[in-house]
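Only one chain comes next, encoded as structure tokens, the form predicted alone.
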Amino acid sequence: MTTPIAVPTINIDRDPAVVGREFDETLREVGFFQIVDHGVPDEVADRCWEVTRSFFDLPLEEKLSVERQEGGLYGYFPMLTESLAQSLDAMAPGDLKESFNMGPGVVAGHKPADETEASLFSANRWPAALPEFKPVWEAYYAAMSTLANRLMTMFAHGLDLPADFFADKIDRSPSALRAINYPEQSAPPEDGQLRAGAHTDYGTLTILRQELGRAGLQVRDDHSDAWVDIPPTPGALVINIGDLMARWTNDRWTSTLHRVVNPDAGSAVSTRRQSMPFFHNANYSALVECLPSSLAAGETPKYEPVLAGPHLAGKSHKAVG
């Protein structure tokens, strides 16, 4: 029997070239790892976490005042709105979660190429009941953007590319910050219904803050055919790559299936869980095609080139119907 993979924890406050090589070794096996010494200020992260908890504690009518508009991607998503399994064309009931999303907003001087890109750069929605919400979220979004750009530089090192290879491909990134509340479950879930159905992420990379003491995130290990827990670790952020990075690397790096499972029925401990993922993406018009440095001798590209933005929008709209 094959031993399930281990999800490593990597200190990134070191030589970026050395860290990049460690990323490469890890991502050839599994698309997940945790990072520490990442430089995100605790006060920025903690304030965002706390105001987000306050938002989810608001009465439903207050949250619905900033519900995402029809066809939109930003604002409040009520319970059961999304089924992440459907992003992979798998039919499944709505996920047992509610969430709030923000994007880059309307960027001065940036002219969207089409209506789809305009939707990715549309105005964000902010709850009037929490005036501190907007500045706190914008500060955390900026910190996540800075960290994502730093990680992409390390990725370039790991792929034997110039350090700035990705810079002009992510400088107008329609990245999204999301907060997710998984409430306590007072009724049994439907067959096949999870807190978040099995899916891969869509873009370049995801940065996730988990709630300490609230497990549930699992990653699929194809080698052992098992689901492996990623336990919350103090001070650590979970990193995984998405479909676009797998395409860029011709599957040298793996965009791994993951899910959030339901808590044990009848648990005496509160099973409410909060998480905050930041979904980093390439520029809308960035052409994503196989990197020559990722092709082994005699290997051919597995994927047709795609534009990053339409790929992202198509996956997102599948998940929310």
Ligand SMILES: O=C(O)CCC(=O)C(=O)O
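Numbering starts at 1 and runs along the sequence shown. The model shown is predicted, which means the values in this text are computed figures rather than measured ones.
This next part talks about the form predicted in complex with this ligand, which is not shown.
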Legend entry - in the predicted complex, the residue from 255, 275, 26, 52 that sits within 4.5 Å of this ligand by heavy atoms: 275
Legend entry - The unique member of 219, 159, 147, 180 whose heavy atoms fall within 4.5 Å of this ligand in the predicted complex: 180
Legend entry - Any non-hydrogen atom of residue 279 within 4.5 angstroms of this ligand in the predicted complex: yes
Inset, instruction - Indicate whether this ligand has at least one heavy atom within 4.5 Å of a heavy atom of residue 286 in the predicted complex. - result: no
Inset, instruction - State yes or no: in the predicted complex, is some non-hydrogen atom of residue 247 no more than 4.5 angstroms from a non-hydrogen atom of this ligand? - result: no
Inset, instruction - Decide whether residue 208 counts as a contact residue for this ligand in the predicted complex under a heavy atom distance cut-off of 4.5 Å. - result: yes
Inset, instruction - Specify the contacting stretch among 196 to 204, 73 to 81, 128 to 136, 102 to 110, defined as having any heavy atom within 4.5 Å of this ligand in the predicted complex. - result: 196 to 204
